[in-house]
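Below are two forms of the same protein chain, given as structure tokens: structure 1, then structure 2.
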Structure 1
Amino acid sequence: MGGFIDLYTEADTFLHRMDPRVKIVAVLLLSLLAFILSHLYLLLALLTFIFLLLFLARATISRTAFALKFVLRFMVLIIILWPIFDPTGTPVLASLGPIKITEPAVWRGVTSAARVGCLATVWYILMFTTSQRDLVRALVKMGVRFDFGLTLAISLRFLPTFGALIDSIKDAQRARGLELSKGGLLKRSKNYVAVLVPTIVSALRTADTLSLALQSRAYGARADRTYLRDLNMRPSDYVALAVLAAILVLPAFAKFVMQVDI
């Protein structure tokens, strides 16, 4: 395992400059849109739009590849499994015993896969262009309590540390003859205890020290704490928000009010 992957890529694009709150809203709205749309070509259009944004955010292929591989396999699996479990509709393309493959079911599978593709990749718009620090700050600004935000910031801060810790502990136990990738599930899981106990004990000791450090730095001393950097919505952020709202509201209006089949 080669360390942890933080998708955030430093760059200076309009998405990087955009207020993180707007980007969080964007992810939510575009996800909703993916649920509203039911036609394959519209979902593919949405997928193209998401990839266009990723392209504009300078998300490099090599970094995306890791994440995309998962999504792609997921989509392929849906396309394969859907028709097998959905025998409704005609014409029947093939049948084998109780299993019936119908043309509409195949299209339903492909449509679902496209929707899943949208729901999966829309996250990357946020993750590629927003540092963890900005993400936590945005959540606090959006009403998440400061202590929850701090807890989240601490966990993000320690993720790579613990990743490295687990790697080191795995090495230390391998040097004692432990083979983690040998045997069935049961044996492997049992072997993992030799890694988990030192990891948990070290981590909890870290927590002990950390709570003292928080106290000594006056955590919770005043409710009206100030921040070094504040988030401020700029005109361009409002424009982006308006565009997003339009992208969602128009199809929603068409579908639910005007009863257009989209």
Structure 2
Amino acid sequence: MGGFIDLYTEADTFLHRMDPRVKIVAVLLLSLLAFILSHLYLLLALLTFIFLLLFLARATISRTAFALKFVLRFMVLIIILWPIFDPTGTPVLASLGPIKITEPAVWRGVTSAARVGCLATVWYILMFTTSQRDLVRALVKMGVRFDFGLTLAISLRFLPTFGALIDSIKDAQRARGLELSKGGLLKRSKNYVAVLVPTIVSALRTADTLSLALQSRAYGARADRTYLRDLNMRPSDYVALAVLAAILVLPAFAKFVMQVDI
């Protein structure tokens, strides 16, 4: 399985030692907070806090760059396209036929990009600091069926794999003289068939190998599963959970009860 990239980074940080159930709840709470906040400076503060946690996770530069490059591209795309499709507001900064670029639309695009950045990058905290084994065990302890937990963990684990695989196939096809970035839209779409077909074949082969690996380990043979390592909440986990709950509850109370514009 060449080109495998696992986002989990082995380290001894407080995020790695934290109970994975707390990290799952933390990711959900911070995601809800991104929806509650509406001002750009607050969303940027939240995004800075998330990046600080990613830095404290001690992930390698290569893994961090691989994970964040997709998010940053999507954020830039939102900033560019939002003012084009949202011409409301004044003053008008630029006008080209029916297309009007207004200052409020630009700021709304930046705000939406910051919100999307928060929603996307916060999940990397969980993936950088939680192994597949701990993630599945945490989901099961939270009431999710083991089958569903394993499916989710495998999905999160293999998404970076197929991203790296697609890059490898592109490089291989370029080495054979295939131009993927030249020509019209129709020609480029046809050229990408040479990338799509090997990717699908590799995905099917990976799924078959994975199913054989599960069968060889007698997966599903017994209903009463046993675990070598169980999860136990520590006092520091309860403190972290309380702090995270306060981070969400206080802004929610201020916005929905006190009617404070945040």
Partner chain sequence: MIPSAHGIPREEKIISTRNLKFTYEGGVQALQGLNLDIRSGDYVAIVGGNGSGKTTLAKALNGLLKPTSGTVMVNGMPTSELKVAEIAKVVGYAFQNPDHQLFCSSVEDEVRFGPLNLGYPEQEVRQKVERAIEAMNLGQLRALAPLSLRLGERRRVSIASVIAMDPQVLILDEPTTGLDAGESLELMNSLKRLNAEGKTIILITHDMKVVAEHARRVIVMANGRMILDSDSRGVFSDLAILGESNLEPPPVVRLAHRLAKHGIPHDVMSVEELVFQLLRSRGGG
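What we label the rigid core is the largest C-alpha set whose atoms superpose within 1.5 Å from one form to the other. Each residue is numbered by where it sits in the sequence of structure 1, with counting from 1. Since this is a predicted model, take the numbers as computed values, not measurements.
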Between structure 1 and structure 2, the form predicted on its own: 2
Core-aligned C-alpha movement of L165 between the two structures reaching 2 Å: yes
Shift of G184 between the two structures at or above 2 Å (CA, core fit): yes
Post core alignment: E103 C-alpha displaced by 2 Å or more between the two structures: no
F148 CA shift between the two structures in angstrom, with the core used for superposition: 4.0
